[in-house]
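Taken one at a time, structure 1 and structure 2 that follow are two forms of one protein chain, written as structure tokens.
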Structure 1
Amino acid sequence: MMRSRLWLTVACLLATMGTAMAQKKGGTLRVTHRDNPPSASVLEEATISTIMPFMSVFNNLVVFDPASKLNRLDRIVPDLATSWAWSDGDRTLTFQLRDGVKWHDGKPFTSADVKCTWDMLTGKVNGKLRKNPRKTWWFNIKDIVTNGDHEVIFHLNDPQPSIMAMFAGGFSPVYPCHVPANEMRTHPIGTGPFKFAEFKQNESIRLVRNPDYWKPGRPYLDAIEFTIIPNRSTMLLAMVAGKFDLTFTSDLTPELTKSLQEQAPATQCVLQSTGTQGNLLVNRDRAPFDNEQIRKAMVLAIDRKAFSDILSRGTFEIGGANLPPPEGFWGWSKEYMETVPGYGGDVEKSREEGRRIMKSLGYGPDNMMQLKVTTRNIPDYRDAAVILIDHLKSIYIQGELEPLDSSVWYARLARKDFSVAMNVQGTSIDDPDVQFFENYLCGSERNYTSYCNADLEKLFHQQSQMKDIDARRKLVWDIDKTLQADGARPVVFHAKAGTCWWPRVHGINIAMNTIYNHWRFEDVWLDQ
């Protein structure tokens, strides 16, 4: 038995060596892109359109293990931090930082850069970030201190195990202290494997190899080029013709993924849970939507299964705020979901109740409520918005589609400059702290519906501090049930989508519970 194990170990080592020897340097990875990113500043944006092309410019303190198929709290590895330790009853988190790392402009990376970054994110330094969509992630940070150039200490108000997951996400890179935030929007400087080269609005993005990257031998590629192709049909034809190596992540519906593989059988495709969800946004500060009964009627009109059937041939999952299992760790079980108002199977019964409400308010087939349904002008959003408009007709609401370019979409939402919107929002990390504090906290920049429940917020904080996973999950389910029953931000579907590449591309590793955290590209290489 020992001899067999020895041979197995040797065989595995030889296989690993063979793989390493096969890796080739050079070449340009050609990637499609679905739309024009609002900017290159990862800290200021809230879209995969910025993350996928620009994550590779940066490093984090820690990252989710790129070899793992699931991004989870127990699968976090060092990045700019070499190690970390908890103390003071898990209220103090100390990072030891990597020595010898340089920014792309040659300046040294130090603990001051870490402190500057999180002083901006927590709002301790004002006027730096134009937008700060994830400020509420860092609600628990009391203070940040440095100890020399290579140690940084985060003091927390309360224990919070999940904060490590936030540090590991693609939306949490370290920024350089010496570069103004406004420059990071158009010419980002990082420590990552690739350096920013060019961003042509509505055309392309180009990154080039960082020859001074702190990881020896990485990256393998000379460059990465993203070409912006808003039309999916055009993108698909170009991919089939071999003009591109990799599709933009999750840009392919399940049906288009199947079509691409039929037309180009050699391509490799992964259909994954994206970590994005379709949700109905109703601005409760605008009349007549300040009327709770109207908001309730709108929720009753939604047929979640129809959204999944039409958009994905039944592939999309139905759930609450948190990603459903098996990919999601915190989502409801099927049995629990049946106890949640609005998740029953009798859609017509729900719509009849919605019509009764609307009639009591003076609306009917001869007096339809008129409204605009605002959405982002890309297919995932437009298609869902069209279905929503059709569903609202069943309760005497006549909607008109208002598509907005990505450059203004998030700004309009943040200003609450809409009445009703169909949103497809990414939750980059599968943890309730991200979901609850980012999207439902009173005053959060991304709490687009202005929902505010002080009693529920106490439970947000309670679950955040819990170490007992089973007890925390039970409380999280109950919180989520209240959010959906209140119509805080009704979740319509959890999306799945495809990413495809040609066999000449190696080193792509897709996570199965998010699209946001695996785009460093440092291990990707081309067999040319």
Structure 2
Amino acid sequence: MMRSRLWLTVACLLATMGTAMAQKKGGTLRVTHRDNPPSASVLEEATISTIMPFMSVFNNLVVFDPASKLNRLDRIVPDLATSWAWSDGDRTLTFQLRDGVKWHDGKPFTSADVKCTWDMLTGKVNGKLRKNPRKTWWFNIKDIVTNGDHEVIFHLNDPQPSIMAMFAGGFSPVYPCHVPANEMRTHPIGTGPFKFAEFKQNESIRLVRNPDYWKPGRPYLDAIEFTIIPNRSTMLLAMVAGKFDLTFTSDLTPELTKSLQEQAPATQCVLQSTGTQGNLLVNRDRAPFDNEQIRKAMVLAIDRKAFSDILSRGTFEIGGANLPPPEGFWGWSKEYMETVPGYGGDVEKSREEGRRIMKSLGYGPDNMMQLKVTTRNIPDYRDAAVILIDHLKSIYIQGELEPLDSSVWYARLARKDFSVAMNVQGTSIDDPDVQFFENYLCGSERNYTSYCNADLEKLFHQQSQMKDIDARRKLVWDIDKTLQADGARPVVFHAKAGTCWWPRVHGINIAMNTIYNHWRFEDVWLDQ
């Protein structure tokens, strides 16, 4: 018995050493891509279509530990910053920067680049970025000061520990000051492990190894090629045929993931939380939805488990604005969730309450409320909207699907030109600041339902400044409960999807609570 255990231990050690020592240099990683990225400028886009192929061109000040399965505040490691320190009552954040780093065009990286990047992001310098979708992330930055070439100091209005999570996200790379913004959209220059080589619209993206990368021995790959394959069936067959090494992140529904593993059992797949959530948008400025009672009845009609069962065979998670555990850190516990209106297990009881409200407002089986349920005309949105329409029938609301072309969809949301809409949106970082300030702050561009609660907004700021994680989480749960009870933007599901690769690919680490932050590819190598 003892001997067999010893052999097992030795075998395990050898296997581990073998893996650790076996990294091979060279090769081209072939990856499928789901669609044409709007541009190569990570700072200007809000889609994973840009992040996954272009994140490895850049570096951040700090990053979420690439070896960690969860992106959390306590798992942040240095990148272009070698260290950081808080001072002045946590209102000043000082980064020491790495020496000897060069941009891909040979120019040196300095603190001026960091300052200039965040001056653009905070809107202090206009005209550089055409779009700035995450401007709200940086609302707390008062000013940025450089001290020599290798120190940069961020002065904040208030303490905000979680700003580090935003610095660590894939959407926060440092840009070079000397490169015009339009060039960054078509030919990005970074300090990252891979250099941009070519972007053929609707066809492919090619990155090549940066031989001058500041991290010794990295990257292992010679190149990465993304081939744009919008058709999922073709993509699936291409993976089965071994034409590609890795699928685009979370490109496979739970059903397709299963199908791929059946057809190509050697492939390795991970079903991860995508950071996207389905939510109901009710325009509270538009009658009759300015009536709080109607909004409440609509919330009570939703059967979240049915959404999960139908759309994902029960793999989608149910929760509030924040991603629920175990993947999410800030989401409600199961016990707490039971206390939130509409989240109890007894859907029929909730709907009965919903019907009672609707009847008191004059609606009933013979006098159904007629409305249009607007949504984006792609499967993820459309399928959820159809289920929503079915659920609304249970409280005497007859919905008609209004599918919109993607381009029109965004324009209509921005103009708040809808009554009821089914929305699916992504969040790149599992942190309440991102959720609350982006989606629920009075006047925020992405606050599509125009929800505004001044008292709650004070709590947004309060939780943001808290250092005690447990106390902050408790407050976050309460805020989230109020948001859901108010029907601010009722969350229906938190989506999951699959990413697969062939065993010849090593060094891939999929984060379980986001799809946006682990695509540096510097530790990935091919065994071929």
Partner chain sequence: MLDYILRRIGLMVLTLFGVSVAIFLLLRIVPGNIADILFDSAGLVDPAEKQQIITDLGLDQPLVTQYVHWIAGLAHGDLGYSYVSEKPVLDEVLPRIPITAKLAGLALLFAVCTGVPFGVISAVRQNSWLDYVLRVISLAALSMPSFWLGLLVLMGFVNWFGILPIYDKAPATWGAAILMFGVPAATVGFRSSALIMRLTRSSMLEVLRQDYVRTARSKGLSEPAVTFIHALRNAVLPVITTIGIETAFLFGGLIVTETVFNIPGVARFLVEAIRWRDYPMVQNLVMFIAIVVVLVNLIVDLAYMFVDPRIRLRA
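The term rigid core refers to the most C-alpha atoms you can superpose between the two forms while keeping them within 1.5 Å. Because the structure is a prediction, the values reported are computed rather than measured. Counting starts at 1 with the first residue of structure 1 and goes up one by one along its sequence.
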Since only one of the two is the form predicted alone, can you say which one?
-> 1
Core-aligned, is the CA shift for A287 between structures 1 and 2 2 angstroms or more?
-> yes
Please check if K69 moves between structures 1 and 2, taking a CA shift of 2 Å or more relative to the superposed core as movement.
-> no
Inspect the rigid-core superposition and answer whether the C-alpha of T449 shifts by 2 angstroms or more between structures 1 and 2.
-> yes
How many angstrom apart are the two C-alpha positions of Y440 between structures 1 and 2, if you fit on the rigid core?
-> 2.5
Shift of the Cα of R415 between structures 1 and 2 with the rigid core overlaid, in Å, rounds to 6.1
